[in-house]
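Just the one chain here, the form predicted alone, laid out as structure tokens.
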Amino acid sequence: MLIRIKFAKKGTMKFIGHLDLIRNFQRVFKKSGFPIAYSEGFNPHQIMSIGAPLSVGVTSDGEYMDVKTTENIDCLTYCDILNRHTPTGLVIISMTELPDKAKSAMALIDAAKYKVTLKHTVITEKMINKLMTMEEIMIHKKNKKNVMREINIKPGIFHMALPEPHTLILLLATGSHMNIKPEVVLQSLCEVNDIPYDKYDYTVHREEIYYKNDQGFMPLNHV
């Protein structure tokens, strides 16, 4: 049975890196008696994969993990059971059964929505318009071979809005095709408006992860 787990990472859990997060879940599955399937071979491991690793220091209400179980389970019941064994700040929100040939969360992801809280910096609609009316937004980024190259991130900024004076909403390309982090957008926004950028002036929270179909952007647990 394939299951997609949606979970939140809050509080001090935001300081836990990706590998430690996986280790936490491995312990939770083991302690709770969750019937997770193991791979075969000399070093069997739990069959699980996280959709899009979250940067250290970022909280989230929209993380996803795919797991395989050895037997059919009641998702609602096991959602409660797992939450009894998770550490503070790690919360299982929902569990959804997937079709047998469903694409993995990692292969599906097209975008992520972030809520950025501005602590000191003042951002205005005029500043956002100045950035978004540029034909290209170029940044320098190292590729997998550690070679610096220049890329245009504008096609990966799907939406940017300022619903409240100190709250910025970003919908950014995420996944294997294009991956735009909120900090590079914030840095570009500051640079084009000639204001200093300090990463500690912003609190970033990932609200949801999406795949795209004919109906638009859909949350990963929309099966």
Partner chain sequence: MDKKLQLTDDILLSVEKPARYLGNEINVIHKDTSAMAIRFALCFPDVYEIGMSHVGLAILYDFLNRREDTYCERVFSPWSDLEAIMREKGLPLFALESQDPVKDFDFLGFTVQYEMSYTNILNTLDLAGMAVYSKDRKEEDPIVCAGGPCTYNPEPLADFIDFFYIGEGEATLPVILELYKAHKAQEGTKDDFLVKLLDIDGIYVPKFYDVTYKDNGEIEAFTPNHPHAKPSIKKQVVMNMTDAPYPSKPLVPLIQTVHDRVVLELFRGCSRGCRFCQAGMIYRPVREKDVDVLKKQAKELIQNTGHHEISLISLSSSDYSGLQELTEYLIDEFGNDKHVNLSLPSLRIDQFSLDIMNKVQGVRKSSITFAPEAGSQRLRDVINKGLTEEDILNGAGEAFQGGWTRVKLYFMLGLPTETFDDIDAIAKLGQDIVEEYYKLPKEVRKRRPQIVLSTSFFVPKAFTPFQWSPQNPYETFMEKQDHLNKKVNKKNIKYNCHDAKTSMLEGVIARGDRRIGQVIYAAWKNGATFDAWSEFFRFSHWDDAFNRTGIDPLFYTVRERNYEEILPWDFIDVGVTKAFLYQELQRANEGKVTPNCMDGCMNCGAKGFGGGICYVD
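In this text, all values refer to a predicted model and were calculated from it rather than measured experimentally. Residue numbers count along the first chain shown, from 1.
This next part talks about the form predicted in complex with the partner chain, which is not shown.
This chain lacks the partner; the member of His159, Lys154, Arg27, His166 within 4.5 angstroms of the partner chain in the predicted bound form by a non-hydrogen atom is Arg27. Checking Thr69, Asn193, Gln46, Ser49 against the partner chain in the predicted bound form, a heavy atom within 4.5 Å turns up for just one residue: Gln46. Heavy atoms of every residue among Lys14, Asp20 and Thr86 are located within 4.5 Å of the partner chain in the predicted bound form. With a 4.5 Å cutoff on heavy atoms, Met178 does not count as touching the partner chain in the predicted bound form; it lies far away. At the 4.5 Å threshold, heavy atoms of Val56 reach the partner chain in the predicted bound form. Residues of just one listed stretch (166-174, 182-190, 60-68, 37-45) have heavy atoms within 4.5 Å of the partner chain in the predicted bound form: 37-45. Taking the partner chain as positioned in the predicted bound form, the only residue of 185-223 that brings a heavy atom within 4.5 Å of it is Tyr200.
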